[in-house]
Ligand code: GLU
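Given as structure tokens, the chain that follows is alone and in the form predicted alone.
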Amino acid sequence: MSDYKFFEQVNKAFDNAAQHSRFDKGLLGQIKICNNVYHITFPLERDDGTIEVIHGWRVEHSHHKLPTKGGIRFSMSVNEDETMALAALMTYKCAVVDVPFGGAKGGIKIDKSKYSDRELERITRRYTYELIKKDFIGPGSDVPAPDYATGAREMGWILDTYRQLTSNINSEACVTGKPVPMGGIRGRTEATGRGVYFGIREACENKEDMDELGLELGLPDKTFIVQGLGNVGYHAAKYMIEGGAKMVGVAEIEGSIYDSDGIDLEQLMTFRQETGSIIGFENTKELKNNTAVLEEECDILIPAALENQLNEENAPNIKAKIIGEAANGPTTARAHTILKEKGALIIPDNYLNAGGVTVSYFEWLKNLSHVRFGRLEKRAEETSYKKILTVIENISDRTFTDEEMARLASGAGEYELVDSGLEETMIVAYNEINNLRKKHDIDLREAAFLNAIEKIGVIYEHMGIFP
């Protein structure tokens, strides 16, 4: 797999879907290209006084809508090709879920575990400074977010650096995924995993598709394997279990485990925190490496790690009937073909992991409006509900306890509104792409790309050559 080109894989999937669109080759070529590619290098003084050169990238794939939007990852796999591919996927992902952003992505080529917190802060702040110099960050130009190995802490450093170097009243909207006290939004941490759950649940509610796969309708009692227990994988597994599914396998960097009787997620997380490994947990079977579990028996496989995890080597042995792509680009083009020929339903990354950018959009709106969701209406809703409940009490023999009254009359706060918006987004988008899939007799990945192409192409038609 040394010759694997991620951006090339994305464009192959794009080209397959584009055959079903009405746009000409020139316009399709404009949609595919990356508008801006920025390779950043800067020196870092380590804590021991030595100097190291750090490499980073920021790619703005499409300016058909502004700002562009996409996460920043810290990984030794970061390079220009990967960042371009991820930026392109962000463009299509935003279009599929009707989030009004162009796609972008960023990354810094480091192994996070080899740097102190002070060094990571210096790296993040210098990277932000370099973005500011070239206008690759700003509420109306380009808005980063967390990605692999980054989180609220790093986003807070980015915001603080941006504030120090600019005088924008909307500075909080320059980055999303921030800590809540710094303008973040409740529900952002679990958003991507929560969106994965909503998407898989919706797929499992389609009787025609479940009958075709030979599965019962609905999520309860279905078995699943998850690869990666980071933020996305953990929350996807958590909500899948709460929805009635059973986790039977887990893969992590140190290895993989399997137990057909089910694995307790919270106990496993505690065990790993105490021992540093998932290996040896309770009665689970240890497998030969950290990808072997992908080939074990299950109904649903959720790759939630990095790209290129399902490939031509292991795809023939994968038994799952549903592949829920929680990670970006986990399935190569060849593996996709193999799995499709085996009859698997592949729920693609350019739809399924859009929960993060959806809630980031809500956070961006919150920052621009300078008001918390629910602040204006929550108490008014509670007052109205209490009046209704009081009327019910007056015309019936039913009397609500104080606890019942508080629970039933509770108005929607920020988390409830965000979660509702995310659920609505994922349900509507899934049905859009599933309808396209059946209309054109294509798979869900092609349908998601086609859905994005149609939405973006219309904008480019009106923009002309000089947007």
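Please read all numbers here as calculations on a predicted model, not as lab measurements. Numbering starts at 1 and follows the sequence shown.
If you look for the form predicted in complex with the named molecule, you will not find it shown, but the lines that follow are about it.
Only one segment in the set 239-247, 118-126, 218-226, 357-365 has any non-hydrogen atom within 4.5 angstroms of the named molecule in the predicted complex, and it is 357-365.
The candidate spot formed by 301, 352 and 445 is out of contact with the named molecule in the predicted complex: none of the three has a heavy atom within 4.5 Å. Within 4.5 Å of some heavy atom of the named molecule in the predicted complex lies at least one heavy atom of residue 147. The named molecule is not drawn, but in the predicted complex it has a heavy atom within 4.5 Å of residue 71. Within this chain, residue 188 lines the site of the named molecule in the predicted complex, having a heavy atom no more than 4.5 Å away.
At the 4.5 Å threshold, heavy atoms of residue 90 reach the named molecule in the predicted complex. Of the residues in 308-336, only 328 comes within 4.5 Å of the named molecule in the predicted complex through at least one heavy atom.
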